[in-house]
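Quick heads-up: it's one chain on its own, the form predicted alone, in structure tokens.
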Amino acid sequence: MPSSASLPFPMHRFFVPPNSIQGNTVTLSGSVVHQIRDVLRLSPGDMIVVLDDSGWEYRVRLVMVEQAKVVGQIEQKVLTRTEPRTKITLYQSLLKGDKFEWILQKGTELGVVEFVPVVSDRCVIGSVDDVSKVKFGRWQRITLEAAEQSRRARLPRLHLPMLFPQACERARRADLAVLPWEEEKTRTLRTMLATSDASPIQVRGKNLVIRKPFSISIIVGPEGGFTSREVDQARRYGIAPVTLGPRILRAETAALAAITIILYQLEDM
């Protein structure tokens, strides 16, 4: 029966394809079988939690653990309440080494709902085609594992890389779109997140009163930041440059700082 009660700890969690759940039976195959059988050494009678990316989670008792298949019976269905109300999409410029992967992991833990890799002027790669299928697959596994670890109810969506102008065009569709920039000195995230009784602010030459947003786009630059040309281009799309404070933050720090500020300010941490 559906329930809103919390499930007891500890219990291993696995995102599975929706068609893995048929009635009260869960049938698992592929890599998750190796994890259950060979890594965790679970056996019939043990409990796991499976998630179908719908917001529900299912408490499952294993009844069969074989080399190629795991079968379990659902004992409880729970509506998970770990997803933030605020829907943040992070447009992160590609970074050197494993820094981008670190942002994917930590951003997933914090509650980002979408990640969009961006190729901007100062990125270490110059084309969206430079991101291999192998690397993209690794990024997907990182978000999956981070979502399971942090008790997310939904998997964040990971988009294919796009160029900066494409990212701006897409980001503008959110209720609020901001671009942390070290040259911005006055407009803060708190200003942009102010409630309707705040003073109007200037965006694209117009006086606007920013109401509490539901969807927020954050566009973060690479090492070295955005060029002035890119910032001007973002402004033309209605994306507001904001300051994150007087100290200069690394790109990976700026992304997580902006996410945390937004969620805290909107009481969604």
Ligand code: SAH
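One-based numbering along the sequence shown. Just so we're clear, the structure is a prediction, and the values are computed from it rather than from any experiment.
Below, we turn to the form predicted in complex with ligand SAH, even though it does not appear here.
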| property | result |
| --- | --- |
| Ligand SAH in the model of the complex: contacted by all of E182, G221 and A251, heavy atom 4.5 Å | yes |
| Proximity to ligand SAH in the model of the complex, single hit among V60, I216, V242, I239 (heavy atom within 4.5 Å) | V242 |
| Answer range among 43-51, 62-70, 22-30, 224-232 for contact with ligand SAH, defined in the model of the complex as heavy atoms within 4.5 Å | 224-232 |
